[in-house]
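Coming up is one lone chain in structure tokens, specifically the form predicted on its own.
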Amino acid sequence: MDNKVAIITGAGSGIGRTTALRYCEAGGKAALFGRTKSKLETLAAELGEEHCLVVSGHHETPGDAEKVVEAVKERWGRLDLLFNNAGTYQPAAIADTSIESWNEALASNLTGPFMMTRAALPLLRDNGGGVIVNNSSTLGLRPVPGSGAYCAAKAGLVMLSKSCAIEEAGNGVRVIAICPGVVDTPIHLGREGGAGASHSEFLESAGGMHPLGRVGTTDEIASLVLFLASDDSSWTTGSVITVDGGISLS
């Protein structure tokens, strides 16, 4: 990643935070974008200001995507990777899903990545190409009861990735959707395994649903993102890659 530049959304915690750490450790620079400025600043202090910049905002809010892209252009003059990682998960059956919850699921998990992609494409093209990695989910490939809005949004993100890949191939921009299974991130904090079970018991129970017998780690997802951002994957675009401990097989 020597001297390559990334925008990472949802960089304050979980997969985004780990990916930012790994990307910068590999020699890259990163714009840390997310809702909670204090979390981004804590990460920036770990990375060192020479390796990153902090932009707080909401990727689904008009103008915020352009704001972070402009900050990257002014600081480094190039963009090599957009990692559309940010998203939310609020489980509910379709019959119990309010229009507000539906709109929030689509805004965070689909509209936000679209707006980031649209804002970033000119700078990626000016750089002679680059990579967009969209963090979808196995729930974008297979339905799970009680997650209709999330499944719909993540399935839309898969098709957005494919559509962008075919449109931008001639500009040297590669686009890939990754589909994790359950990963140990703060998005699951507060979720219980049933009958008053703890968060750790939820993760243990969820791990049992995966053929490999455990949930994933943020490092495992970050490793895939870095590979896709590297020249080692230069003939890969439009792909939908599961990184899920085999859960999509069941």
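Predicted, not measured: the structure shown is a model, and the values here were computed from it. Residues carry their position along the shown sequence, with the first being 1.
Quick note: we don't show the form predicted in complex with a small molecule, though the next part is all about it.
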| property | result |
| --- | --- |
| Sole residue of I132, A105, A86, L124 within 4.5 Å of the small molecule in the predicted bound form, by heavy atom | A86 |
| Interface membership of P186, the small molecule in the predicted bound form, 4.5 Å heavy atom rule | yes |
| Partner proximity in the predicted bound form: P211 to the small molecule, non-hydrogen atom cutoff 4.5 Å | no |
| Contact test in the predicted bound form: T42 vs the small molecule, heavy atoms, 4.5 Å | no |
| is_contact(G181, the small molecule) in the predicted bound form, heavy atom dist at most 4.5 Å | yes |
| One stretch from 70 to 78, 148 to 156, 93 to 101, 167 to 175 that, in the predicted bound form, holds residues within 4.5 Å of the small molecule by heavy atom | 148 to 156 |
